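First, one chain by itself in structure tokens, the form predicted on its own.
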């Protein structure tokens, strides 16, 4: 499976690239700057010798990725997807973006006109199969393979098959359990949770808080 990551030079995008490269997936790291993308690819390969990773412009990544992850800053989210809409049509588009602003070191969740960033993505690229995931997993931990990450990844989507694919992709990361968190309309709650986790980390300095859901009856993961 070829996974493209738009904005893959940031900590979250690069961390996901590391983990999927470890799992044997082919990964394309995208950026508006080809040089930055290639440098990030080399950094990932330093952590995953022999991995199938390369850097390219976002436009090439959107075109060639079988699954495309958007990990750009919220401020550039709509513009990026609008420009790439033709290349993303029909593909699974995994949105990991949280709408955040910072003041005096504190994180605040911003309102999104469409309801959530994932719903914004679906509105901008209606032909894509949008899935919201990976918001609450620590970028720092992603960048320390092959150590397991004991957390849940909350996955929201209206397309059941696309959701199943992304849940399986999440569970390629050792220690991670994917949890079905309902439709895209629920993504706003997960996105806003990022601000809470960052503020908890600020209180408990040095922490990398994540999420684990307990009490799931009969439950679940994407594993058989």
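Please read these numbers as outputs of a predicted model, since none were measured by experiment. Residue numbers count along the first chain shown, from 1.
Same protein, other form: the form predicted together with another copy of the chain, not shown, and the subject of what follows.
Think of it this way: in the predicted bound form, another copy of the chain has a heavy atom of just one of 124, 87, 109, 139 within 4.5 Å, and the residue is 109.
Proximity to another copy of the chain in the predicted bound form, taken as heavy atoms within 4.5 Å, picks out 181-189 from the listed stretches 37-45, 181-189, 60-68, 22-30. Using a 4.5 Å heavy atom cutoff, none of 83, 118 and 160 lies near another copy of the chain in the predicted bound form. Among residues of the shown chain, residue 133 is not one whose heavy atoms approach another copy of the chain to within 4.5 Å in the predicted bound form. Within this chain, residue 196 lines the site of another copy of the chain in the predicted bound form, having a heavy atom no more than 4.5 Å away. In the predicted bound form, at least one heavy atom of residue 150 sits within 4.5 Å of another copy of the chain. Heavy atoms of residue 92 never reach within 4.5 Å of another copy of the chain in the predicted bound form, leaving it off the interface. Along 195-212, these residues reach a heavy atom to within 4.5 Å of another copy of the chain in the predicted bound form: 195, 196, 197, 199, 200, 202, 203, 204, 205, 206, 207, 208, 209, 210, 211, 212.
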